[in-house]
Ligand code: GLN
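Below you'll find only one chain, the form predicted on its own, shown as structure tokens.
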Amino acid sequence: MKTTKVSFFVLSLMLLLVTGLSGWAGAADAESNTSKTYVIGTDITFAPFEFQDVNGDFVGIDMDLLDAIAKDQNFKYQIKALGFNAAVQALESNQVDGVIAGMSITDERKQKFDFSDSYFDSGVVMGVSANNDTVKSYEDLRGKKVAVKTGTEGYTFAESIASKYGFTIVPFDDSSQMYDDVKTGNSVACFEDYPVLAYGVKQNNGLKTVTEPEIGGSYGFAVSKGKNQELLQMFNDGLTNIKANGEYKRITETYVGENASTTANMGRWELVQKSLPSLIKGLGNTLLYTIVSLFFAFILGLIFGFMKVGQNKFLRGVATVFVDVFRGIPLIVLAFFIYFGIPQALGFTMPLFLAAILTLSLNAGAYVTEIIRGGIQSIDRGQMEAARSLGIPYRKAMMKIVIPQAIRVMIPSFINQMVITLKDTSILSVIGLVELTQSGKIVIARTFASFDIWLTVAIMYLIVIITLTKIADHLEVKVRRG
């Protein structure tokens, strides 16, 4: 009975936490109704339309256009950097009010979203490695692999001609990953929106264009079907005004004009130095999410771990279901379900922080449950039987005799789970969590220096994980000696 009461108490606390955070978010929204701040989803790995500069500011054609239109129409907005696919899903689940992310206006998308007037006419070109002189046309792709970015005009165009020219499509979520696949020779070419690839070539991304732009779609600002029509109207009115006063031309020429800035001449060490502040900030977020999620995972593990070794069959069944469900669902699927699926089904907005903590805590909690169960059951049953024969109550024997010995067995597994959870934070970049890995992707989207930045990120992970492991090993030795 006491175990059940404790379970209900802790679960109630967690429910209050979730409700409180959601309520806080709702209260904040209600408070700002008089001067609404629109939440706008974007990609920030799609230079020159949206990316982060060395100061961490959101820049690019889309970002500057949105800023100019907001000033012209006198409305406030907040950028939510998610990645293209996640931004579209966030708009579907009403997590954001609008999306601006080099999003092509298509008939299929018009079924779900309302679009603004076109603000940029694009087209698709084929890019190959800068030292590749054999692939010059679509005919040269036969029997080879071609890299594309999901959700783009390039992907759609590649699908439309793949069977005709006999090549295989290899999809990626980021342009920089697509370019790297071509540079390493895994794919011989890629299809990309021409201003994006042209910008990348100018930034020395290691590619070159070999075809003229195909007629492509137009980019538009999107809102959910039938919603935020006032925002859509303000965007259209502002776009008309900034085209008339010359601001639109100034913005586009800043990024795709002849005098557009470049980072191609920046030295490797200088590039790493300028990138360190954003990478260190991402590392701080990684550690924060790891610590908070492990705290709740440990609580869940204690509850369900004791339920699994308890004498109540019903509670053992509940704990078994908890472990099977959250250990069986891939972390990335769980993240999508919690952040996009649940809010869309129930009609509310979930804060990114809460979604990330819930995802990591539930996943790690299932494993911690098994660690605790295994640790307790590894202790010889004869010790419990001897304690009971001496008249010691079950709970007291468990707390005084079994648990202290089990902790020594559990410590190595707890250390391992800590490291796993820290690395698992990188997976949550798919829902827009800006931790260390996502920070690296953002820097690479601007600089295309994959080797230098990923090497720096890897070293940072190694330093943190080795440091934490050494500290945990030291504590383990002290506990064992104690």
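What you are looking at is a predicted structure, and each value in this text was computed from that prediction instead of being measured. Residue indices: 1-based, along the sequence shown.
Omitted from view is the form predicted in complex with this ligand, to which the following refers.
Between 181-189, 408-416, 328-336, 99-107, the stretch whose residues reach within 4.5 angstroms of this ligand in the model of the complex through a non-hydrogen atom is 99-107. For the residues Gln95, Thr152, Ser176, Thr359, the 4.5 Å heavy atom test against this ligand in the model of the complex is passed only by Thr152. For the options Tyr199, Phe296, Tyr367, Phe84, the residue carrying a heavy atom within 4.5 angstroms of this ligand in the model of the complex is Phe84. Put simply, Phe221 is far from this ligand in the model of the complex: not one heavy atom of it is within 4.5 Å. Applying a 4.5 Å heavy atom cutoff to this ligand in the model of the complex picks out Asp193 as the lone residue from 193-209.
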